[in-house]
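Shown next as structure tokens: one chain only, the form predicted alone.
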């Protein structure tokens, strides 16, 4: 895959990276640092992408692994780069953004594996795709997602 093709794919699917960054980092600056680290890791891992899975599935795997690995460290290693693209989901709808912020605040209270599962679920991956990414069985994915949804409803005070 050529560099321009890679960058086009990153640009097209940057929402996945932004979502992972928002789940695992609190401040905008830390989210930008993680965004850069994920893109760097994607570029480094590109030779391992053989195309048997969807690009977005592979991208999720790298992004979540990078986020969880750097989350355990005190500070992520920074990679210098050009300015980051704006978040793809900023469209000016204040009510929607408020609901999203509230949801992300609730999701940040989950542990790392729970965050990964719910991020994949919220991005409409099937139980089968989530199972392939995480190494869990489809049934276990369903059980864990039900528990996570119950936990999030409790955090949000939804019956």
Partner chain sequence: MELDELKSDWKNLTPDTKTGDALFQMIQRNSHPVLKGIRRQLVIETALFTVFLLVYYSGFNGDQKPLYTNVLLVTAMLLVIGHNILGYLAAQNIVAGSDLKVSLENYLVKVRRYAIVSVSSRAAAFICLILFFSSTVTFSSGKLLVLLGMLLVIPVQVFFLSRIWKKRIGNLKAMLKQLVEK
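This one's a predicted model, so the numbers in the text were calculated from it and none came from an experiment. Numbering follows the first chain given and starts at 1.
The following text describes the form predicted together with its partner chain, which does not appear among the structures shown.
Peer 1: Looking at 108, 128, 54, 102 here, can you tell me which has any non-hydrogen atom within 4.5 angstroms of its partner chain in the model of the complex?
Peer 2: The residue in contact is 102.
Peer 1: For residue 142, is any heavy atom within 4.5 Å of its partner chain in the model of the complex, or not?
Peer 2: Flag for residue 142 set to no.
Peer 1: Check whether residue 112 has any heavy atom within 4.5 Å of a heavy atom of its partner chain in the model of the complex, and answer yes or no.
Peer 2: Contact check for residue 112: yes, within 4.5 Å of its partner chain in the model of the complex.
Peer 1: Would residue 123 count as a contact of its partner chain in the model of the complex, using a 4.5 angstroms cut-off between non-hydrogen atoms?
Peer 2: It does: once its partner chain is placed as it appears in the model of the complex, residue 123 has a heavy atom within 4.5 Å of it.
Peer 1: Is residue 1 part of the interface with its partner chain in the model of the complex - any heavy atom within 4.5 Å?
Peer 2: No, residue 1 stays farther than 4.5 Å from its partner chain in the model of the complex.
Peer 1: Can you tell me which bits of 1 to 20 touch its partner chain in the model of the complex, meaning any heavy atom within 4.5 Å?
Peer 2: If the 4.5 Å heavy-atom criterion is applied to its partner chain in the model of the complex, 1 to 20 yields 3, 6, 7, 10, 11, 14, 15, 18, 19.
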